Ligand code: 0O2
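So this first bit is one chain, no partners, the form predicted on its own, shown in structure tokens.
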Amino acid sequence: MQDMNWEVFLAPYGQVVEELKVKLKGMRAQFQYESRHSPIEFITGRVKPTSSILEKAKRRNIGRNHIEEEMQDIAGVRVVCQFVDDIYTVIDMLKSRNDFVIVEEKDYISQKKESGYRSYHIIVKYPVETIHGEKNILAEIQIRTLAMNFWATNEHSLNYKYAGQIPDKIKSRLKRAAEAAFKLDEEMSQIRGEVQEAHLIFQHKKK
């Protein structure tokens, strides 16, 4: 795998990330044009670095010829929302589109991971035009709240620091933090209407 041309291999993945970001940002803008609450707070995206691909392939015993079909998150887009309900609004919007095919859904909100991680993952097969014709690329769209994203970002950093072996004392604190983050989401959902109304008033005042 080391001698393959990674730039050529990853180019379509980069194209998918950029196209999905443009489309999701377009959805967000449409809500703003109509002076409605947008379920999308912000969007980020990335292509998994070569070193991470190699590490994951080795860990999961994935051969070179099977990377494209077995590694679903080489192209990754993250949609961050204010409220839990917004996540499901975004999911419904994605399901109504016909420019890609949803091949798998992973609900880590109703069924959180052991670590405390919460997010909703959608795996899509996205058709991208290359110089060799159309190519279907697997991409992962993660949808989560601001609180879930804050927790997951810090957990990811700690996993990197400890090479996936986070000490038990820190693990237990992370679990408590995850529950606190979800409690925050639940409390904010109770005043969602007030927050959205205040946001719209502020937006109109800026015009």
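Small disclaimer: the values here were computed from a predicted structure and weren't measured. Sequential numbering from 1, following the sequence displayed.
Missing here is the form predicted in complex with the ligand; even so, the following discussion is about that form.
Contact at 73, 151 and 156 by the ligand in the model of the complex, all three, heavy atom at most 4.5 Å: Yes, because 73, 151 and 156 each have a heavy atom that approaches the ligand to within 4.5 Å in the model of the complex.
Among 128-136, 79-87, 95-103, 115-123, the region lying within 4.5 Å of the ligand in the model of the complex by heavy atom distance: After filtering at 4.5 Å, what remains is 115-123.
Any non-hydrogen atom of residue 171 within 4.5 angstroms of the ligand in the model of the complex: Taking the distances in the model of the complex, the answer for residue 171 is no, it never comes within 4.5 Å of the ligand.
Contact flag, residue 28 vs the ligand in the model of the complex, heavy atom cut 4.5 Å: Heavy-atom contact with the ligand at 4.5 Å: absent for residue 28.
Non-hydrogen atom contact residue 142 with the ligand in the model of the complex at 4.5 angstroms: Because a heavy atom of residue 142 falls inside 4.5 Å of the ligand in the model of the complex, the answer is yes.
4.5 Å heavy atom contact, residue 56 to the ligand in the model of the complex: Although the ligand is absent here, residue 56 would touch it in the model of the complex, with heavy atoms inside 4.5 Å.
Sole residue of 176, 66, 46, 36 within 4.5 Å of the ligand in the model of the complex, by heavy atom: Of the candidates 176, 66, 46, 36, 46 is the one lying within 4.5 Å of the ligand in the model of the complex.
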